[in-house]
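To begin, one chain is listed below as structure tokens, in the form predicted alone.
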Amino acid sequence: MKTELDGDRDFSQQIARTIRDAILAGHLPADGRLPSESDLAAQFGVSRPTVREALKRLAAQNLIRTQRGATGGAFVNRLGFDEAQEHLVTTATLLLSMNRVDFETACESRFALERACLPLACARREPQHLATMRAEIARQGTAGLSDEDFCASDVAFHRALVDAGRNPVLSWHLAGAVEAMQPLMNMITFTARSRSRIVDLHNALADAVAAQDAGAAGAAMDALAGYTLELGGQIRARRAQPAPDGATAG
């Protein structure tokens, strides 16, 4: 592990990056204990507070965990896919909101990614995936369901569809698309959408996955993507209309 530091740059940042690189390279294995703060301070020629700050940076990235007590110290995290998905969703949500990604771009990327998962979902779906999809469709048809709960159910339906592919790497990649982009798209279209039409499209998707018909699933996904883009166009046109006197466009 390289221990020479550039005197013109933040020491704690350089130490954190060096340790991160060692973790990614496999030189520091999962669940392995890092050298003590004193040892790291001696290796890098810095103070313990500087090392402590570097470790805080690594903990914030979920790369290490700290434990107290006689057997405590800093340990390399064994990151699971569930945790990784949470971080990806947070990052994707921040990225989309801060950069104001336009509606069409979000739709294009989200549906392209999810469509790629359909053949696997059709081939590998299990009863629990179909049960979740059916349960969420039933929930979406419930009278009085709030827009927030409808959106949450929409996300849960598509997560079950993605998870039906039984590929944890693909599910991880799609977590940001479904759980970050889907709420963004719902937030824009909820005033114009027809819940019954979305339920019909979800039923078509679930039926195709149950029948293991990838072609029909692709057609249903294309119909859902087309309807979503249609809704976005309606909202944009509505907002472009001149507001009545004394009112603002909503």
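These figures come from a predicted structure and were not determined experimentally. In case it trips you up, residue 1 is the first one in the sequence shown, and so on.
Below: the form predicted in complex with the DNA, not depicted.
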Partner proximity in the predicted complex: S47 to the DNA, non-hydrogen atom cutoff 4.5 Å: yes
Exercise: E37 in contact with the DNA in the predicted complex, heavy atom 4.5 Å: yes
Contact label in the predicted complex: S194 to the DNA, heavy atom within 4.5 Å: no
In the predicted complex, T71 touching the DNA (heavy atom, 4.5 Å): yes
Residue stretch of 72-80, 147-155, 160-168, 118-126 approaching the DNA in the predicted complex, non-hydrogen atom distance within 4.5 Å: 72-80
Sole residue of Q61, Q43, N203, T66 within 4.5 Å of the DNA in the predicted complex, by heavy atom: T66
Residues within stretch 105-139 having a non-hydrogen atom within 4.5 Å of the DNA in the predicted complex: none
